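Given as structure tokens, the chain that follows is alone and in the form predicted alone.
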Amino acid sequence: MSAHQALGGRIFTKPFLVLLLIFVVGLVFMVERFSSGMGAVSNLNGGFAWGIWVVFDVVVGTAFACGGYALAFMVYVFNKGQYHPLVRPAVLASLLGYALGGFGAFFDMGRFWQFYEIFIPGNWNFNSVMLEVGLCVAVYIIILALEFAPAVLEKFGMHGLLKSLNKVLFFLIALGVLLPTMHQSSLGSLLIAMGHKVHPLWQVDHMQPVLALISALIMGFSIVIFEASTSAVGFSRKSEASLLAKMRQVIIGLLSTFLIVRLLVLLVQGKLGLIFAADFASLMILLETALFAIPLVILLSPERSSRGSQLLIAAMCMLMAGSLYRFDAFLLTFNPGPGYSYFPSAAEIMITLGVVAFEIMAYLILVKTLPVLHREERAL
């Protein structure tokens, strides 16, 4: 018997129908974008070559999808098999997040019909950070699909193919650790490439790849906690708070490292005083720091971190902190020069919400029809 099971139950619940409505509205604007051009639905301009689509769907969205990446370290690199029940749901969330993040990038491509150019080596620009990000994300989506394939093979009783896939799964897992490490750090390299347009508080001279990678791992662990906690409530399953709380030492280390590295670099570079400049940027970095610090306080207390509600609060703070860090650096404090401004149009926002709604709907359908969640009688 498989260690996993399909949740079952009705698909078209009231929350699902609400998500479907959001998706349909977003779909209308998606059709308009691809039929009438980017200018018909977007407020992007020469100064802001990317907006909410790239920043949310790719920069933030792929970090949200790092749950599988984070657990791969815990289970396969550090040999913490006790977390294995959390792996398959995390891989599914990662697959959906990265796939829709990759799809979301199409909205921001002026000539989206030429996307295939990235797969032609003769056309590669080896000086482009985006080349490495694009290639890694594309390959990682394939790797995640293969890592999730056992759930599909189990569903349809394809045990021979499942056995063959398991023989090469170690190789796929190794790639599944390497690729996110490469492209998440490269997202930080994009800030270096943008130079003076990035605010000094986020332009920290070649430490952006490190901070981007650490923040991705923080968001990866926090999305695992968030997903497990909300699934326990939403699907009336046994709480996994005791298992999730055991990750606290790793998360404490990541949070502490992020805060220390960031503040230390600002101090060494003489930028620390900008935190207290009483302007928009200083307000944003103080808010970021507070959101990173709150979960650290919660997790440093064994009593607090053992409570499911406190763990959920910590996870939500980390998700908001990581998202705000990336939004601030890439969009909110981004300054392309005088004469340019950007605020997403209603169509841009609805397209983004439509993509998110589709991701949640897909997750609900798959966990109810495929053996994704572990059997409760085997829960640790």
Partner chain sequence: MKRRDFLKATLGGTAATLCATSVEARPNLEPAPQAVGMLFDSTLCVGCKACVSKCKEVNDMPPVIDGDKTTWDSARDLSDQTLNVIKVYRDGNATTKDSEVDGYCFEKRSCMHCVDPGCVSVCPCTAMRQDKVTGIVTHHPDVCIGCRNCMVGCPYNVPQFEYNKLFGQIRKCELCNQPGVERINKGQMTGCAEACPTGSTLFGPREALLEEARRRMQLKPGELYRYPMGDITRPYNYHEKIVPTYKQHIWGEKEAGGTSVMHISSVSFDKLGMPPLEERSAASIAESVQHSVYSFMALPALALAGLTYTVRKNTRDHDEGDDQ
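Positions refer to the first chain, counted from 1. The structure presented is a predicted model; accordingly, all values stated were derived computationally and were not measured.
This protein has a second form, the form predicted in complex with its partner chain, left out of what is shown; the following refers to that one.
Visitor: Residues in which of 137 to 145, 248 to 256, 216 to 224, 114 to 122 have heavy atoms within 4.5 Å of its partner chain in the predicted complex?
Guide: This holds for exactly one stretch, 114 to 122.
Visitor: Can we say Ser36, His84 and Leu175 each have a non-hydrogen atom within 4.5 Å of its partner chain in the predicted complex?
Guide: Judged in the predicted complex, Ser36, His84 and Leu175 all sit within 4.5 Å of its partner chain.
Visitor: Give a yes or no for Glu132: in the predicted complex, does one of its heavy atoms lie within 4.5 Å of a heavy atom belonging to its partner chain?
Guide: Result yes; Glu132 sits at the interface with its partner chain in the predicted complex.
Visitor: In the predicted complex, is there a heavy atom of its partner chain that lies within 4.5 Å of any heavy atom of Asp279, even though the partner is absent here?
Guide: Output for Asp279 is no: heavy atoms all beyond 4.5 Å of its partner chain.
Visitor: Closest heavy atom of Ala193 to its partner chain in the predicted complex, within 4.5 Å or not?
Guide: Because a heavy atom of Ala193 falls inside 4.5 Å of its partner chain in the predicted complex, the answer is yes.
Visitor: Might Phe103 be said to contact its partner chain in the predicted complex, defining contact as any heavy atom within 4.5 Å?
Guide: Contact check for Phe103: no, nothing within 4.5 Å of its partner chain in the predicted complex.
Visitor: Using a 4.5 Å cut-off on any heavy atom, which residues of 136 to 172 would contact its partner chain in the predicted complex?
Guide: Residues within 4.5 Å: Phe170, Phe171.
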